[in-house]
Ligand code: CNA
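The chain that follows stands alone, in the form predicted alone, written as structure tokens.
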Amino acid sequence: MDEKIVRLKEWIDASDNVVFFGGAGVSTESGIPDFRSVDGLYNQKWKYPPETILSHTFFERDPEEYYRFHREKLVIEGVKPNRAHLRLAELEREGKLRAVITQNIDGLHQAAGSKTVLELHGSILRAYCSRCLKRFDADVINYGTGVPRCGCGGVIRPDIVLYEEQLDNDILRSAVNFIRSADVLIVGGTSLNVYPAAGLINYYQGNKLALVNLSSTPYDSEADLVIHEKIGEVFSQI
């Protein structure tokens, strides 16, 4: 076993206050493409750039085109939690992990059994009316054709944070509290380039910051441990 993974395992074994903060790279091993890799959504041809389609302005202006993209690119059938999701859920059951803070909208952490999951960007598995806020089953938005509408006439939308929208303050506050009080903070599968989410790492006050990501991040020099490996392979060994 790599000496860096051994050290990470030792940190986890000795702690009951571990917090995990993850991004798209956590789910790529489940078959969900990330946005910024060579094969990610940002590099696939579409009528408009993905960041434009996934914006509040675009959703308001052209919900039909948004939903065409949503159903073809964001809804992926048959995905299951991978080794990272499953091990994180085990660590929570073992009393080691306090919380999972995720930028992902796929619900795979909950599917793996994690209970304390803070979804910074919401979930594609929930939906609500943009006018009256009535809640709907996600099948209404993830399947079918055209623009789903509520009985009040409002457009039903996914419960995700679109570009130009603010993160939920309560979730942010909770994430800050978990990170600030963590003994071990593991950051995995994220480029740490997307703000304000990436800025959460600055609230960590401990000396056991581990970054697990295939490529380097702007925070590598500040971390106490950097592992450039697939996150599923790392978690299968801890």
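Everything numeric here is computed off the predicted structure, so don't read it as measured data. So that there is no doubt, residue numbering starts at 1 and follows the sequence shown.
Not on display, but discussed next: the form predicted in complex with the ligand.
Engineer: Quick one: from Arg87, Arg98, His121, Arg157, grab the residue that has a heavy atom within 4.5 Å of the ligand in the predicted bound form.
Structural biologist: Exactly one residue meets the criterion: His121.
Engineer: Could you work out which of Ala175, Ile53, Leu192, Leu209 is the residue within 4.5 angstroms of the ligand in the predicted bound form, going by heavy atoms?
Structural biologist: That would be Leu192.
Engineer: For the three residues Trp11, Thr116 and Ala182, verify that every one has a non-hydrogen atom within 4.5 Å of the ligand in the predicted bound form; reply yes or no.
Structural biologist: Checking in the predicted bound form: none of Trp11, Thr116 and Ala182 is within 4.5 Å of the ligand.
Engineer: Looking at heavy atoms inside 4.5 Å, which stretch does the ligand contact in the predicted bound form, given the options 104-112, 144-152, 131-139, 90-98?
Structural biologist: Flagged stretch: 104-112.
Engineer: How about Asp224: is it within 4.5 Å of the ligand in the predicted bound form, going by heavy atoms?
Structural biologist: No - in the predicted bound form, heavy atoms of Asp224 and the ligand never come within 4.5 Å of each other.
Engineer: With the partner left out here, check for me: in the predicted bound form, does some heavy atom of Asp220 sit within 4.5 Å of the ligand?
Structural biologist: Asp220 lies outside the contact set for the ligand.
Engineer: Does any part of Ile171 reach within 4.5 Å of the ligand in the predicted bound form? Heavy atoms only, please.
Structural biologist: No.
Engineer: Does Val18 make contact with the ligand in the predicted bound form, using a 4.5 Å heavy atom cut-off?
Structural biologist: Val18 lies outside the contact set for the ligand.
Engineer: Taking the ligand as it sits in the predicted bound form, which residues of 207-238 have a non-hydrogen atom within 4.5 Å of it? Please list them.
Structural biologist: Heavy-atom contacts to the ligand in the predicted bound form: Val212, Asn213, Leu214, Ser215, Glu229, Lys230, Ile231.
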